[in-house]
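Taking the form predicted alone, here's one chain by itself in structure tokens.
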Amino acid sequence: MAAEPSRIRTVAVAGQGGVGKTSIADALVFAAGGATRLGRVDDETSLFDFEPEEMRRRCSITTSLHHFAWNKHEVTILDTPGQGNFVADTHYALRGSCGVVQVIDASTPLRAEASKVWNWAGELGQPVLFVLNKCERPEADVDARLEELREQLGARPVLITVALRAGESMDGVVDVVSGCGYAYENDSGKFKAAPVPASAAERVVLLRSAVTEAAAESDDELLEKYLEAGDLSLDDIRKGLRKSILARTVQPVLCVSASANVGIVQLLDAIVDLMPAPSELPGVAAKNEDGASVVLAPDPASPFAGFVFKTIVDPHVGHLSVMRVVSGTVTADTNVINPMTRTKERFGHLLKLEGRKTKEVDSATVGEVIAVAKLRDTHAGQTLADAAHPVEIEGFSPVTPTISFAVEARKRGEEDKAAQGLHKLCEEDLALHVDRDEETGEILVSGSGQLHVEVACERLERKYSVAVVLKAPKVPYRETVRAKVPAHGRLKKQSGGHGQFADCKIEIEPMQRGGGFQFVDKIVGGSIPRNYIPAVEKGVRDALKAGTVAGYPVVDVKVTVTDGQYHDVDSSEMAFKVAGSMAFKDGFAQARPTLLEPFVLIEVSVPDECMGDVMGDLNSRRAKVEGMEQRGHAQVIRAKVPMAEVLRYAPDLTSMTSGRGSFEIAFSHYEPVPEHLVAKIVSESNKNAAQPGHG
């Protein structure tokens, strides 16, 4: 039987990298009795970080889930990545949750990823509960972190538990609302009631007043009670906080130590008592089969609709489609359809994910997360719905990659195997992109950073037994001309029987940048018959594929055919195609050819204090800065810069801004390469010319 929606809690544990999200997720499962021992990232026993690449790096790379029961509630935890290379997966995972437990490191300032998580939750209207982890550390500064939450995120944090510290450790917490203290035993997670130390008593009173005031503001009736009595009951405070959290006007904050396993039970209680049930959330927007907008009510009695937010490719089970039930109730027998592909899908078994394991269930309802194996044609970002009521929820917006690499198989002949494996990885990791460059023949892998791409290649070797080497991708240079010249192409071959004869005269001249290619026919008097003119053009177009400077395609040229000769017997389309190609190659070398390089439009967002360093670095990359604007506490710089200068910009920006900078890139235009750089590019091109796939 599916759980009662009012007793379901589905939350994403999210935040910047290194704050201890996975440790908190492990501690939550252990405290709830969902595991017999406390999983730890450092000794590779975590229930969540079980992929070899995660265990080796002590870093979450993909979202993993666990389901457990607590205080008569069904709780699902989504443990999401926070490191900048992998945080895009969190954006997708939030579509599977009903609220966010955002973890903050009490001992270090906020970084860019914290803002990203907060903003993503805001876009989805999801309530947020903050957790200050690592409160046991001597350098922990709770007040500084609260101020950053206010100033940098625009949040309204209110402390509802505070840490009790003994020397350089944390051995308990005080529940601000109830005024009760709890002393923990070692790292067992067990605790007992304890008096509030005199040193903390005054602070707890002030904090309770702030919490009570925040709760009262959520409701006119509560506010009236508060103004009359000057206080509220525990139940009223919890009721007010629930309303405030759902409205995103207040965010409760709890102090914990995941490493010491302190404060975790209070966090579990807060998730159950304060975070909203899925049935309390607003309905989800969708479109019906006529394209009309509808709102899917979070009602278990409505027709089923589920949103697939993740795909897992398991070597034993195959494809697992992980979805959040948005509306209705689903069983294995429900007739479902994917409205995007018009594919009818059959559910074999409904599965709850518990780390690397799965547990079969009979049904699932609003807010629950389930996985289904081996669907025919359903992918992450798509909707599954009752076949009698097809509706489609808006999918994911694409993530713009920040870095690309060319991939080469270590073993000759395994290029296709590598490409197939990478495409399968893209099904699991929507921030990973794989393309084949038609011009160079290279397989290009793009992602959120160098580490992201490197990890993808490690997974490729582990899962699909093909090893690859990463190289910087080739910059798609172009060639063009700077002078107008006449040119002549003549083909004359006689070897018995029919010969081959064609003669054409052309003019080659430059066009404006971005003009492409233009072919003009100015033949008069029939010196070249009309039926052979297209062959001349085809020959010229073939010659455009590789210029004489460094072998790159030729653009922005106008070719005019002006005169020629033909032979009644020996002329043919093939002969004029060859003559056209000969004429262009002859003239191109005389028309002052030069190289063009691609420029990209880059938009860099950096903290105010990093502006000088980033501007100086952009100038050193030959950037043309076009403008700056203030956005919150960040400066956004817009510039046009040669693509060759920013192929590996991501790690450099990370270094300059301590991980707080971000950027987006889009193609802009082509410009001539400065003369002093042409020789270097030509030399590198000649080195690569013998490699397979070079265009």
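As the structure is a computational prediction, the values presented were derived from the model and not from experiment. From 1 onward, residues are counted along the sequence shown.
The protein also exists as the form predicted in complex with a small molecule; that form is not presented, and the subsequent description refers to it.
Option touching the small molecule, based on a heavy atom within 4.5 Å in the predicted complex, out of 111, 145, 310, 134: The residue in contact is 134.
Heavy atom contact within 4.5 Å of the small molecule in the predicted complex, the stretch among 28-36, 41-49, 62-70, 648-656: It is 41-49 that comes within 4.5 Å of the partner.
Heavy atom of residue 16 within 4.5 Å of the small molecule in the predicted complex: Yes, residue 16 lies within 4.5 Å of the small molecule in the predicted complex.
Partner contact for residue 259 in the predicted complex: the small molecule, 4.5 angstroms, heavy atom: Result yes; residue 259 sits at the interface with the small molecule in the predicted complex.
Contact label in the predicted complex: residue 22 to the small molecule, heavy atom within 4.5 Å: Judged by the heavy-atom cut-off of 4.5 Å, residue 22 is in contact with the small molecule in the predicted complex.
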